[in-house]
Every structure is written in structure tokens, then in C-alpha cells.
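Just one chain follows, in the form predicted on its own, and it is written as C-alpha cells.
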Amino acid sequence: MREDLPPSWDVAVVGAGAAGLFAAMLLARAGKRVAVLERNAESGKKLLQTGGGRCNLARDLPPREMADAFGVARRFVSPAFHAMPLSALRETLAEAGIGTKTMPDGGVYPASESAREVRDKLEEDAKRHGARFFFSRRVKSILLDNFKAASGVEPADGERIAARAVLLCGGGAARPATGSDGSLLGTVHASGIPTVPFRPALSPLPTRENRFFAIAGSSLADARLWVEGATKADGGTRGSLLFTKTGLSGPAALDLSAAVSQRVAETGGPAILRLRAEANADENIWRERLRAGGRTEGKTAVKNFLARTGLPKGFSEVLCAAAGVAGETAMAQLARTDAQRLAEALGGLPVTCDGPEGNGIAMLSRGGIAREAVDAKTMAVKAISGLYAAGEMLDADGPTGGYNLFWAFASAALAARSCARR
């Protein structure tokens, strides 16, 4: 849509989530006239839910390791992480009055462990430096000038906003109740920009098999989970695994959910997962353990032997049943064929999943503006001059635990820097 109005603003930021708030603050600090359009009546509704309300801001990792966690998108996210390493993020947040601390597991949180404080102080800092927020404004189109460059946005309700640059921070499709319903991606696609459909990520995995339902609440401390036949780029996850009344959850399941979404979309059928009870113990290792157990703990029941190795008792019983082995069998009486089936199940039990829980449950989306459509060094959308994007709007997602919020901040900082230079 053409727009010939003179620009009232230097930058129109669409979305006041983590990326939008951070970008607006940096642009306002740089002396730019910033208009922020947010479809909700308040900013950062999804940000308030991060880290269970404690706001896991980042990981205490160098830029390269942060980028590697994003798998196939590692090269795309790398410039942003190098442009704003953790030290720079902490310094920027401190200037807004947000202290940070590193937890023993490497997670970086606000010192207050309050997502609300982070939301409030980012918005306050942006406003203090002159940014203006327009709430309850859903953007329906991107305005273009006579040279087909971005010249502002048109809200569904209210006057057009003319600007020299437009920064899209509208989020993905996860948790639509927070306002992040993916609708802005349709507007982007209508402008001729390549996009990838949003699919649930960081979401629990329901299973067809009901064998785990009886042990809901039980967990494996260090399991490995992967999609059978997956490429090396989507080579599975490792971490704690929680059994639920519908299937699998916990970090190992959540971090695999985007790959499961993709496999189901590509094949049109269920994804076959493999669950390894101990991340570093494959079928061969378990076969030797079972042989040794037959010699040294011959009178011990198989299910009790497995529990003694550190596996939860309930899971040990479920695993025996899945392998077709009577759990009460004494280790000395365990037939070779039974031991082989048990070792195979321990090294990679097959699990069937029709797809992750939907966007209403998912913490994140996979998909968005296609990576090839964006200059990773500037966050500029290649097809339209003056248009930029950051955060979950882009097709780049990492594991749970602060990676994605750090990406929102880092990509927003890079985009804000590019807008300011423009």
C-alpha cells in the first residue's frame, strides 16, 4: 500500500514484547522518534510468563555456543550474538535499572527474579527517552512509498503511522492469549516476503502409547530423545524427561518438539521417537550391564536390578512390559533373547507422537520470516528497504532455558542499530 504522508516518526516498532521493548528502548536512547504499536492493552504479556514468571534472560555462554544451540539457524543468529554478547546485555539492562545474576545451572535471571520488573523497567526506560506507545493497535498492513520502501504501518483501528523505518517484533503463534497469534506473519507474506508457517515448539509431546500414563510425575534425570531417521542437524536432545498423563514433557521433550512438528508436517504422519533411558548408555552398554547383573545379582528381579542402576522403579516396570519381559524374572534366569529386547528398549525405546501440543500450550513457535529473506548482519528484510524484523518473528528457535529470550534481545539490538543508522 502506498503512503505519501511525511514521516512523523523515525521508526515504527510493531509489537511490545521482549524484542519490541528492547528495540524501542535502544532507539529512544539513541535519540530517535519511536512509535510502538501493540495489539494488547499492555506490553510484554508473554514476557511476563517467561521462566515461570522469573524471566530466564539468557545463558552464561560465549556467542558461538549460544549460536550452536540454534541448530540449522546457527549461522543466521551468530552475528546478533556476537554483536551483543552476554556482557553487553547485562550492561544494557543495568542501565535500565535491571540487575542480573547467574544461577548454578548457567541460567541468567534478573536479580529480582521478576519478569514484571523487566517488562516495567524496559518500558519505563523507553518512555523516559521519548518513545511513545500506542496500545490496542493491531497492524493490518505495511505502508510503502513510491519507491516501494517501508514508510510506516496502517493499524486496523486508528490513523496511519508514517515512519522512516519499520521494525517487526510481532512474535510467533504460541500462547495466542498473550496476543502472539501469528497474524502479523500473514501481513508480511502478503507483502511478498518469503515466510515459513508457524508450528508449535517448546511444547509437550503426547504419545499414542499409554504406557507412561501410570507413572505420570516420574522423571529421568538425563535421557536422550530423538526423531527416528532425523538429519544430523536435528540430531535429538538430552536432558531431564518428565512423564505426564498424556506423554512426555521436561526439557528433553520440549526441546525436541519443533523437530517433531517439522517431521509431522513433512510426512503427513506421526513421528517415531526414540527414548534412551540414560543419555550415554546405548544398547551395547546395557547388554553388558545385564550380562554382568546375571552373574553378580542373579537372585535380583529384573525390574529391581534396573531400579538399582538409578532408573525410577515405575519406569523400570514400564520398560520391562514394553520389551515383553517379565519384571519379576530373576537376573540369572533372564533369557538371552529377553536380555536383547530389554537392551534395545533401554538404548532407544520407540514412541509414537502425532505432533506436539498446540500453540495454546507451546512456549514458542518454529517458523516466521524465512532466514534467507533477512540480512543476518543487520536484520533488514531484503525485499523491502527500511523494513526490519527481530525475535520470534524470524525463523530461528533454540532450546528452553533462556536461549530464545536472549535471541529476542540480541536480534532487537542489531535491528535497532541498523534502524538508527538509517
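None of the values given here were measured: they were computed from a predicted structure. Throughout, we count residues from 1 along the sequence that is shown.
Although it is not shown, the form predicted in complex with a small molecule is what the next lines describe.
- With the partner omitted here, the residue from 179, 348, 71, 250 that has a non-hydrogen atom within 4.5 angstroms of the small molecule in the model of the complex is 179.
- Site annotation in the model of the complex: the residue of 263, 224, 303, 175 reaching within 4.5 Å of the small molecule with a heavy atom is 175.
- From the list 340-348, 323-331, 241-249, 134-142, the contact stretch for the small molecule in the model of the complex under a 4.5 Å heavy atom rule is 134-142.
- Not displayed here, the small molecule is kept clear of residue 367 by more than 4.5 Å at the level of heavy atoms in the model of the complex.
- Not displayed here, the small molecule is approached by residue 363 to within 4.5 Å at the level of heavy atoms in the model of the complex.
- Though the partner is left out of this view, residue 405 does reach within 4.5 Å of the small molecule in the model of the complex, counting heavy atoms only.
- Using a 4.5 angstroms limit between non-hydrogen atoms, residue 37 touches the small molecule in the model of the complex.
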